[in-house]
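First comes one chain, alone, set out as structure tokens in the form predicted on its own.
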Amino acid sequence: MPAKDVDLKMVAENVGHSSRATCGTCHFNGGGGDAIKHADLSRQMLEPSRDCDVHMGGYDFSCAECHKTTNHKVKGRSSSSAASEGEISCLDCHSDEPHYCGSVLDHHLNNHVKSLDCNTCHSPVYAKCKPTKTWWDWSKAGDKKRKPVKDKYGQPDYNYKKGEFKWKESPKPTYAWFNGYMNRVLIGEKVDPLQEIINLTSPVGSIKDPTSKITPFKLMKGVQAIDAEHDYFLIPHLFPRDKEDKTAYWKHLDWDKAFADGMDVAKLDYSGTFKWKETWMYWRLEHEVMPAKSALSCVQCHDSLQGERTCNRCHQDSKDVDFKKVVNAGTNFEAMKAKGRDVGELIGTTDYIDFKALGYKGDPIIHGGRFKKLPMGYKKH
């Protein structure tokens, strides 16, 4: 709720349209700083280039262009919170047949929509406008003598209040099947302390589920504390309430006092003992959509198309269509690297989304899709 001295009448009479700046004041800084949590949102979205985000940079979209509001409910959500006010999807505007030139390629791409989230192809990398934090180890916090060292992006590797960090610019997403639901560890929910890694959020989905699509995620890794006896995650009191505060970690650097205070506010027992566990969080990537010409090419996903045989495995050769040119048209990582993006290791990549990791036997062009058998008489090569 707003502070008591805020004149709500004056606020109501002077409210204006939202903008990228008004929304970004909070959303660009999720996680305590610019681009830390939401890897595809940063202050670069105030005036982005077309290559950074085709909607906001190419067409000057405001956030409200997609996040429509009805009765003070704003559609949209992050992976860490429920869609209590409504969901939005690329297909809301682009339909379930978004490739509309009428070519044979468009026919195949529209079939892809049944199994792939749009951003799987149209956002081949994320955090390309500004580096994002990918590792956050709270267990290393508290060392005032340790001097932060800046990485190649100019980002610090340490903060005595928050611990140890790693950053990455323009990484390849983590891909997973997703049907719209997320598993989440809630406050007070018991976890398995014997697990090497605990997923705080993870997508629900399967290759066998027809409602699931291959979806790109930022995988945020870190280290956080659980109660050694109660086996649930601990909530620390971090920021001092006032000058007399005696428990805030950011003032006293005492985890025990910070956990005792935080759990008391959360109305959960604290045993007085804790241990550190590695945690992963899957955050779906929604923004930084690149222009269509920069979507992944056929070859970048299907290694079977790298050789002499491409679309003519199934289609008759045509003097009007250069199949080799068609399958290679897409993301130019060499050009991105020349512009300063950290994508050197992605140049020449194929099997980009890793079909076997997603449950396929291999390239679906050779082994068949998840619900379809290969055509009669088709021979594997």
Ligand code: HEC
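In this text, residue numbers run from 1 along the sequence as written. If you're wondering where the values come from, they're calculated on a predicted model, not measured in any experiment.
Note that the form predicted in complex with heme C isn't included here; everything after this is about it.
- Site annotation in the predicted complex: the residue of 118, 141, 226, 258 reaching within 4.5 Å of heme C with a heavy atom is 118.
- Here is the short version: of 185, 74, 204, 253, the single residue with a heavy atom within 4.5 Å of heme C in the predicted complex is 74.
- With the partner left out here, heme C still marks one of 127 to 135, 158 to 166, 196 to 204, 75 to 83 in the predicted complex; by a 4.5 Å heavy atom cut-off that stretch is 75 to 83.
- For residue 211, no non-hydrogen atom is located within 4.5 Å of heme C in the predicted complex, even though that partner is not displayed.
- Although the partner is absent here, residue 174 sits far enough away that none of its heavy atoms falls within 4.5 Å of heme C in the predicted complex.
- At a distance threshold of 4.5 angstroms between non-hydrogen atoms, residue 87 is in contact with heme C in the predicted complex.
- Put simply, residue 65 is close to heme C in the predicted complex: some heavy atom of it is within 4.5 Å.
- For the candidate spot formed by 56, 355 and 364, every residue has a non-hydrogen atom within 4.5 angstroms of heme C in the predicted complex.
- For the stretch 295 to 312, the set of residues having any non-hydrogen atom within 4.5 angstroms of heme C in the predicted complex comprises 295, 296, 297, 298, 301, 302, 305, 310, 311, in sequence order.
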